[in-house]
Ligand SMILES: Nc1ncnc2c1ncn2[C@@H]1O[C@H](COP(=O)(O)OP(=O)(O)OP(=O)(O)O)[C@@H](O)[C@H]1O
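As structure tokens, one chain now follows by itself in the form predicted alone.
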């Protein structure tokens, strides 16, 4: 049994049209998976639907064999599914330490909370150095570290990360991806990742799902996906269409 299973999932915003249509996929425990596809493919919508931020209109979402589709976000978080959105949604006027404490709000045992805090600060030494700094005064890369650290405070089984390198300097981005690579190999956390830098996302993943126009077009091992001619056709085709539209 896969850790996460989606069967025929459709979802969209409000009364608008479907953004994702008939998506089915499986995520095995302990691996890192990358979702790739052109802008507008429905990648972020998919993660938001799994996280409970958008209710599925149709289909089934199973986590460890239990239906989570349609549950509240806090219930899905309690089950062990954590979502790190691309806007990071930190508490800007709280310190690094206070943000981490908020990430562990489900933990009632103070000693356990402090143990997790020590673990996260050990994983991100920069956060330890700046534990009293306000989140809003940190750089984009530092905020991304804090967002990942806060997510780790609940010890998730599945961590979904949306565009971790967005707006971050290349050198800091490398550090972020090093950490993401360790999540599954060293910590046993399953990772479902969206990344604008396809090459970077693929490098830390074992498997890739390719989305376009709201549906899964195909999937393949990460080490062969970039050589698949369908990837070139998908991205080059979108770029060509956009250029034609702009010139007309």
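Positions refer to the first chain, counted from 1. Everything numeric in this text was worked out from a predicted model, so none of it was measured.
As for the form predicted together with this ligand, it is not shown, yet the points below apply to it.
Trainee: Only one of 196, 60, 215, 185 gets a heavy atom within 4.5 Å of this ligand in the predicted bound form. Which one?
Mentor: Looking at the other structure, the residue within range turns out to be 196.
Trainee: Does this ligand, in the predicted bound form, lie within 4.5 angstroms of each residue among 13, 44 and 86, using heavy atoms as the measure?
Mentor: Yes, because 13, 44 and 86 each have a heavy atom that approaches this ligand to within 4.5 Å in the predicted bound form.
Trainee: Report yes if any heavy atom of residue 225 sits within 4.5 Å of a heavy atom of this ligand in the predicted bound form; otherwise report no.
Mentor: It does not: once this ligand is placed as it appears in the predicted bound form, residue 225 has no heavy atom within 4.5 Å of it.
Trainee: Counting only non-hydrogen atoms and a 4.5 angstroms cut-off, does residue 39 reach this ligand in the predicted bound form?
Mentor: Within the cut-off, so yes.
Trainee: Applying a 4.5 Å heavy atom distance criterion, does residue 48 contact this ligand in the predicted bound form?
Mentor: Residue 48: contacts this ligand in the predicted bound form.
Trainee: Is there any non-hydrogen atom of residue 25 lying within 4.5 Å of this ligand in the predicted bound form?
Mentor: The answer is no: residue 25 has no heavy atom within 4.5 Å of this ligand.
Trainee: Among the candidate stretches 215 to 223, 64 to 72, 31 to 39, 185 to 193, which one is within 4.5 Å of this ligand in the predicted bound form when only heavy atoms are counted?
Mentor: Flagged stretch: 31 to 39.
Trainee: Does any residue in 149 to 166 get within 4.5 Å of this ligand in the predicted bound form, counting heavy atoms only, and if so which ones?
Mentor: Just 163.
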